[in-house]
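Only one chain is given next, in structure tokens, and it is the form predicted on its own.
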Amino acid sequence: MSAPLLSVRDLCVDYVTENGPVRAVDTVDLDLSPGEILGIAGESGCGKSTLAQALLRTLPPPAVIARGRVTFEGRDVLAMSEPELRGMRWRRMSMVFQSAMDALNPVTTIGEQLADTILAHEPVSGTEARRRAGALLERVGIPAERLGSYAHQLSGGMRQRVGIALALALEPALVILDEPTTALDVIVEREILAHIRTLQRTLGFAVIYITHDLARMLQFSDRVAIFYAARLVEVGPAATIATAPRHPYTRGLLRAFPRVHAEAGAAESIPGTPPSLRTPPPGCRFHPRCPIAVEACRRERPALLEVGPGHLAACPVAR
């Protein structure tokens, strides 16, 4: 097997508050292969976006990386200097943010933003940068004539496509999609994800797709990782997770999604609410909501162990 494009080991991220640190990413181990699409799902506040920002080292204060190792293309990201990080971001690892309207500059045209991204990293002329900007727009399905448009003059779907074009401007090896279709209708969402899939197959970049929509993630991803309360609880091939999930939380997520051809009332919600990360429960953090929890779940943190080929789960009861 080839070496991982991205390797994360023992990663912990804290938010420093007046009352002490709150751990938002707790001891995460994760690998990503070249050209792979890895989906990351979980309820709001479980640490998905914090993990993505930690990978790029763009965490805003008061977030800090408490410990761990992030290796990307054989280099230690956490040991990089600021000039090294600027050279890595967007050139080798890029990100599509949740809200394109917030990510795009409202007072410059999208053509200027695309060209500026290229000029900041490559020694090309302004004319060449603008030509490439037009080609990027056409690659994501927007006519090059819209280079002179501002963000507010585009629809939500077009703005999201511009965000994708920005992420692909320098043909990186890894693109992180952080809820890339938030607030879009389901038809536009499907079109954008299908377009990303086509681009990924053509250009060969790897993808980390962050979402709370497990059903959509299983359709889009090669492999998936499930987060709960800052911890990774299950990792495996998308097809395996869809048909044979092993962690009770993953099973609960799948049952909670309504299916078009299911009987009325077939969807089931997970009882209770996620715990506060300021005062999480001991042991397995899902045990207060888990229907199969035993006494050991309340005392000991379960290890993420192999339960099948390429399939890991942090639940001793479900194995």
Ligand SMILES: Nc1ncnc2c1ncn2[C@@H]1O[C@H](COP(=O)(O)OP(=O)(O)O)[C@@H](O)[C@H]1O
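Model, not experiment: these values are computed from the prediction. When you see a residue number, it is the position in the sequence shown, counting from 1.
Keep in mind that the form predicted in complex with this ligand is not shown, yet the notes after this line are about it.
Taking the partner from the other structure, this ligand in the predicted bound form has no heavy atom within 4.5 Å of any heavy atom of Arg285. In the predicted bound form, this ligand lies within 4.5 Å of some heavy atom of Leu277. With a 4.5 Å cutoff on heavy atoms, Gly45 counts as touching this ligand in the predicted bound form. Ala24 belongs to the set of residues with a heavy atom inside 4.5 Å of this ligand in the predicted bound form.
Judged against this ligand in the predicted bound form with a 4.5 angstroms heavy atom cut-off, the residues Ser99, Gly148 and Thr182 are out of contact without exception. A heavy atom within 4.5 Å of this ligand in the predicted bound form is found for exactly one of Pro34, Pro62, Gly272, Pro281: Pro62.
Note on the interface: of 249-257, 289-297, 49-57, 64-72, the segment with non-hydrogen atoms within 4.5 angstroms of this ligand in the predicted bound form is 49-57.
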